[in-house]
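Heads up, the chain below is alone and in the form predicted alone; it's given as structure tokens.
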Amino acid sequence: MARDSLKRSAIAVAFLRAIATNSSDTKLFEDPYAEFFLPKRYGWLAKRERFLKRFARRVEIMESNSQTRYRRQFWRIMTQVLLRARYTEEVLHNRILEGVKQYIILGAGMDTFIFRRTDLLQSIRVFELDLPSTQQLKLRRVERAHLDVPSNVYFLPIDFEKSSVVDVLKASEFDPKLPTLIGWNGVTYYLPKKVIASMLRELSDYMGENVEIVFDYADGRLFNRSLSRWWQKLLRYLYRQTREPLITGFDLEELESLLEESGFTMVKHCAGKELGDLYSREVLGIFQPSKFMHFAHIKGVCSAGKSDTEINNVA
């Protein structure tokens, strides 16, 4: 993704979080700090009752109108940012109870975990990785809001297209021997499969069984040219709205094969059609899940620095 687009995406996510926090039409995600990371006009809008009611009404009309199916699917894919954030933090909470000591947020954007979840922060160290320009913007907003960054939080600038996540972690206070959960959301759609495979392999080699990752990914059917034109029209509609092409998706069997080759195993998989069962309709409200986006929770299975083949040979 282009850098300007990444900044816009970070702001859009913060705006959706602010809307969800102030709207009476959803209980999906509460982020009282989101408004601090928005341009002032957006922060003001997200608190206006009149705007929130009109917003909810437009979503209601779109959801009920069969003529707006592309727009409706685009909206559901966009609102996935709230569902995946809640899901990831729930997994993190459970894993902390079982021993996780470090949390990495890849492409952190304007995420406010370090301010919202003080209940979890006291048990872990947090590493936020993102583009230098995005981090600088975020830190300016932190200063403007007079927020204090906890001492166990580390901001690690990275250009994901030029630098290795592992190399950046090695140059920091990160400890690969400690159980770690990585939140990797909203990224795989824009990366070639070989880049995804390379990153997973590097993380597995570096941390082995100590690494777990929660991520979302697009349904492989979106990229299958042999399927009906409806899928391709949706893909083109998404591109027109975001100006960033979605280039990668997976079928479940293909993803499981990639994980095995990269030194990971699936802990839990939530297909898009199942996401609506994670939370009640009252909780979801105007933020309904997309059937085209799926969640995966995976875990490294190799000893750090050793491949499956090497381990089997030793055994």
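One rule holds for the numbers: they count along the sequence shown, beginning at 1. Everything numeric in this text was worked out from a predicted model, so none of it was measured.
If you look for the form predicted together with a small molecule, you will not find it shown, but the lines that follow are about it.
This chain appears without its partner; in the predicted bound form, the one residue of Trp75, Phe160, Tyr206, Phe174 with a heavy atom within 4.5 Å of the small molecule is Phe160.
Taking a 4.5 Å heavy atom cutoff to the small molecule in the predicted bound form, the contact residue among Leu131, Ile213, Ala218, Leu92 is Leu131. Put simply, Ser9 is close to the small molecule in the predicted bound form: some heavy atom of it is within 4.5 Å. Contact between Leu191 and the small molecule in the predicted bound form is found at the 4.5 Å heavy atom cutoff.
For Ala108, a non-hydrogen atom is located within 4.5 Å of the small molecule in the predicted bound form, even though that partner is not displayed. Among residues of the shown chain, Arg17 is one whose heavy atoms approach the small molecule to within 4.5 Å in the predicted bound form. This chain is displayed without the small molecule, yet in the predicted bound form the stretch 131-139 from 165-173, 117-125, 131-139, 144-152 comes within 4.5 Å of it by heavy atoms.
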